[in-house]
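First comes one chain, alone, set out as structure tokens in the form predicted on its own.
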Amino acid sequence: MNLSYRIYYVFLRNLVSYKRFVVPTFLVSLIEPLFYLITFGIGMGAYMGQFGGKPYLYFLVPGVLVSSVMMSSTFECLYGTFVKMIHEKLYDSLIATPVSAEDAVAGDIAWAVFRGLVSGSLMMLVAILMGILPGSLLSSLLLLLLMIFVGILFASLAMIVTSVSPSFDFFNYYTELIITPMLFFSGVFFPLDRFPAWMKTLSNFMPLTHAVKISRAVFSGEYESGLILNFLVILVLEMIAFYIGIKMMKRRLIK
């Protein structure tokens, strides 16, 4: 796999194009956290009671934070990449220049990570305005770093799906069977300790579960040794998915 500095130019091209849609995109990214935090955090939180001596919002925010990164980076490398590849023929134009297929795909993954970082940062901003603060400045910086790792992982996984997708409809299988279940069975909205044993085991195979555990620990400032394993799971999966995603997309682009 040959990657070069030209990844930056692919990212920059997406950034320039993004300026045309920055207002509606920011509004959508802002409405989503407000929806989750108000309906689940405040509405449901009124019935949920205390979680570890704190309001339900303190439990909810760290999970929703990384799930918003997952959703943004995933959809960018599903629908956004598919449009560029099939309808706009952008990849054909890019690889006709000194930009290689690997650079073009890696640049799109980097762009998806940025979109995820924007969504996660807006989520954090809304939470802070609601009085839900991370434990410290270091915690905030670590959360931003975690968002980058989560963005790379799910952008790369989405790129693998896009590389074999014949149409937009194919994405429904991935989003409905993989992404949506992770939202509900990875500890984002509810603790996993009261789930059946088989569900707890299954949740450990979901990468979002490990991201949620790290996010919740960093947000509260309460660390434990098991978090190292959670991070290693994310890191290893991310490296494998990144490599496979670029290789499979290159095979589709250069036939």
Partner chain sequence: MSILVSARNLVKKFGSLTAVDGISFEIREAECFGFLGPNGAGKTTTVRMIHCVSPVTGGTLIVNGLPAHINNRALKKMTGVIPQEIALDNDLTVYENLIVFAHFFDIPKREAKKRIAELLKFVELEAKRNSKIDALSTGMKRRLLVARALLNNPKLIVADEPTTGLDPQARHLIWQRLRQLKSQGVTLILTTQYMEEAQQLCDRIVIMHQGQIFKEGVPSKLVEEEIGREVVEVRVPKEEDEKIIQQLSSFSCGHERVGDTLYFYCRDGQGLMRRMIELDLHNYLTRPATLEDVFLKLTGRGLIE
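Predicted, not measured: the structure shown is a model, and the values here were computed from it. Positions refer to the first chain, counted from 1.
Just so you know, the form predicted in complex with the partner chain exists too; it's not on screen, but the next bit is about it.
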item	value
Stretch in contact in the predicted complex with the partner chain, which is absent here, among 98-106, 121-129, 178-186, 151-159 (heavy atoms within 4.5 Å)	98-106
Output flag, 172, 194 and 198 jointly within 4.5 Å of the partner chain in the predicted complex, heavy atom basis	no
4.5 angstroms heavy atom contact with the partner chain in the predicted complex for residue 23	no
Residue 231: touches the partner chain in the predicted complex, heavy atom cutoff 4.5 angstroms	no
Contact test in the predicted complex: residue 241 vs the partner chain, heavy atoms, 4.5 Å	no
The partner chain contact at residue 94 in the predicted complex, heavy atom, 4.5 Å	yes
Stretch 54-88: residues contacting the partner chain in the predicted complex, 4.5 Å heavy atom cut-off	88
